[in-house]
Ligand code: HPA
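Next up is one chain by itself, shown in structure tokens, the form predicted on its own.
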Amino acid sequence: MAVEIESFVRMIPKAELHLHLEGAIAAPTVVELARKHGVTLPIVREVSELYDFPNLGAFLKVYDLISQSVRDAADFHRITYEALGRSASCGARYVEFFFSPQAHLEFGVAYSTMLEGILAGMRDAERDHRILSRLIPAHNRELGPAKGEEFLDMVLADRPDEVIGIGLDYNELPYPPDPYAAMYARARAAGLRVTAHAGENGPAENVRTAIGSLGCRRIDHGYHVVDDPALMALCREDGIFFTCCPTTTLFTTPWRDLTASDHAIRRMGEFGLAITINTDDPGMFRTDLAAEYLHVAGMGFGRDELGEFALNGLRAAWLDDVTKSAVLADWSAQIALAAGP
């Protein structure tokens, strides 16, 4: 059965909606880029040990070092092309990925330089790997709402078609989403789609606020929604999507056993919430999209549920309705064929 599930997982078309570009960089690439730009990395015995961290705080310190090592358009092209290539190898057909402009602005990298390299990487990956992608600049919530308004000004001033929305990330627990209501209202008025990290290591109330005050119809992570049954029911009724990342829960949440009956993702799926499966930071967490689907299979979900989660990724995507409807029909047929009789 395990082999059948693994084959099924690799065959079905998938969307990835929760992928951080900087967190997708493979450790050897980080070492090469750091050497190129004279960035000092921690001393480790093996390159892979760069990505050993016990909690979210330690993770974010490494994340910032990685960001410091990406400086020119060629770097951004490389990391984008490599990340999308790895996604495609796991069956991803469509990707909406985050990047952290402020982590690079701090080291003198122009926003236009970031976009130049990233967009070129996206185009080349589409040509070589047949993977379509779109871009979501994300604000570092630790910098506060005033910096958030500056961030939004920057995004709106240089807005290629590939930039389709904004996100809110970094350490959630001390930085709830409600101070960003005005920024999000302005982004929505400008035609940008919106999502936010909420309920990862923060309370269920952050999920409620992201939906009610920020206007999000898609929540990144959202695991602590399971602490509020009334909110769970509301999210199910309203069709709120959750971009879940199984491996991440082992590092940033209380749910450290993916096979436990009370794991948040298992409870969310069993309750009927519209969950999608994603990698978050696949380079740093040493995972890929196929592995994340197999983790969810290990929670007790079968081919029917896994296929539905894959379709949820497309339903939650920020594609136009005509395109989405056509692709949904195609993917549904492919998933049914892969599932067999």
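Counting begins at 1, following the sequence as shown. In this text, all values refer to a predicted model and were calculated from it rather than measured experimentally.
There is another form of this protein, the form predicted together with ligand HPA, and it is not shown here; the text below is about that form.
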### 4.5 Å heavy atom contact, residue 292 to ligand HPA in the predicted bound form
no
At 4.5 Å between heavy atoms, is residue 31 in contact with ligand HPA in the predicted bound form? no
Practice task
Check whether residue 41 has any heavy atom within 4.5 Å of a heavy atom of ligand HPA in the predicted bound form, and answer yes or no.
Solution key: no
Inset, instruction - Examine residue 170 and determine whether its closest non-hydrogen atom to ligand HPA in the predicted bound form is within 4.5 angstroms. - result: yes
None of 248, 243, 102, 209 but one has a heavy atom within 4.5 Å of ligand HPA in the predicted bound form; the exception is 248
From 51, 301, 309, 63: within 4.5 Å of ligand HPA in the predicted bound form by heavy atoms is 63
In contact with ligand HPA in the predicted bound form (heavy atoms, 4.5 Å), from 266-274, 80-88, 197-205, 148-156, is stretch 197-205
Checked 68-84 against ligand HPA in the predicted bound form; residues with a heavy atom within 4.5 Å, sequence order, are none
